[in-house]
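Okay, so here's just one chain, in structure tokens, the form predicted on its own.
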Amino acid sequence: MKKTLLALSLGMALPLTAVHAEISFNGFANIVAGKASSGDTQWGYDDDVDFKQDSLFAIQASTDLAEGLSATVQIISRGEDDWDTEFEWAYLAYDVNDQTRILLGRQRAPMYMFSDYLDVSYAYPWITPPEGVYDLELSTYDGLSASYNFTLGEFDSTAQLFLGSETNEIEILGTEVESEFDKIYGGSLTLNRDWLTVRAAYLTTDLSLPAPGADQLIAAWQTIPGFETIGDEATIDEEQAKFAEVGFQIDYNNWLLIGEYTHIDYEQMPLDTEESMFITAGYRFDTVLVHLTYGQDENEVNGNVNRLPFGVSPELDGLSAVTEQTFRFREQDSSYYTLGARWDFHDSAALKIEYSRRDNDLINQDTNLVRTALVTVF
């Protein structure tokens, strides 16, 4: 989209005026209201009007320290976190030459097509990037990255390598736990030519997700002959996860077409694989973009869930039930579509409205969500 370039400048280390210690400030804001259908919940919304789930304010400050060195911080207050302020970015950048840049500190993990401006709703057609593809708990990390710009045939290209670690709070079975992503190694490649962009990314990480009562679960299964390993596989402790992504964007005249696919393999965990995809088609009518998105999310659980010994004794039934709940905590088989419109009524602001319908095939339930948003950059 034509306004993407402006928003993209917020997602990258902003070009700065070459004045020592001079600080440049930029920011963005998303004010979002949403409501699910009666009695339902969808993507964090219920049947009450919610102004906090996807709303946020952010300020980014950058300074040029001369001779290729610069510093950038970005702080964000999110409504879903009761407007607590956190440092999303905090890194030093060094431009080795015109093609090579090195970043050190807290930065965005380049996993997706829109990773660099993940929270800048002004930069993309939807109110938030499509669920499933963009719902992995890893979006930022502390570490080192290096990017290299080059020409490949007729494509302007960027290759990026990165490594680091990350910790954050997530909810498992109603309990907040601290997830740990250690030994993050990965890379991405983006090719751009006029109206066409294609990209791919890959990373591996050692993932730990403490499960409440995990020690007792392991100990209990270790006493049952033939089922000793089930307890181990119901826990996630420094287990390797492999993430792969491919995507494309066609922005040609008034037409917009975006597609992205992600696949995650887990080793010896409750989860086996996670697959998500979406495709979006849009058409611009002057300052109004109308778009339609279709997406699928499928998370498969560890096959041991089918070996749990139900029906042997009441004690084993109870243990199996707890273990099955642990195995299935992220199981998913769903599809959705979103019909939306964006109106660029101002040079730095847009109004968006969306209707989404999600079909959950696991429980045979359909839910609906309506959201509207005022998004801006400044």
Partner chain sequence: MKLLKSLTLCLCVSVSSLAAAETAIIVNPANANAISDNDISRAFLGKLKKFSDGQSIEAVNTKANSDTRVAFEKMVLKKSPAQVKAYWSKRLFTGKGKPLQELASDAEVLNFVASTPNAIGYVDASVVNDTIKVIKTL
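Residue numbers count along the first chain shown, from 1. Everything quoted here is computed from the prediction, not taken from an experiment.
There is another form of this protein, the form predicted together with the partner chain, and it is not shown here; the text below is about that form.
When contacts are defined as a non-hydrogen atom within 4.5 Å, none of Glu166, Tyr202 and Gln296 contacts the partner chain in the predicted complex. With the partner omitted here, the residue from Glu86, Glu137, Asp156, Glu80 that has a non-hydrogen atom within 4.5 angstroms of the partner chain in the predicted complex is Asp156.
The partner is absent here, but in the predicted complex a heavy atom of Tyr122, alone among Tyr141, Tyr112, Tyr122, Phe162, sits within 4.5 Å of the partner chain. Of the heavy atoms in Phe278, none are within 4.5 Å of the partner chain in the predicted complex. The partner chain is not drawn, but in the predicted complex it has a heavy atom within 4.5 Å of Asp344. Though the partner is left out of this view, Glu176 does not reach within 4.5 Å of the partner chain in the predicted complex, counting heavy atoms only. Using a 4.5 angstroms threshold between heavy atoms, Thr151 counts as touching the partner chain in the predicted complex. Residues placing heavy atoms within 4.5 Å of the partner chain in the predicted complex fall in a single listed stretch, namely 26-34, out of 311-319, 26-34, 331-339, 40-48.
Contacts with the partner chain in the predicted complex, taken as any heavy atom within 4.5 Å, map within 92-125 to Asp98, Arg101, Asp116, Tyr117, Val120, Tyr122, Ala123.
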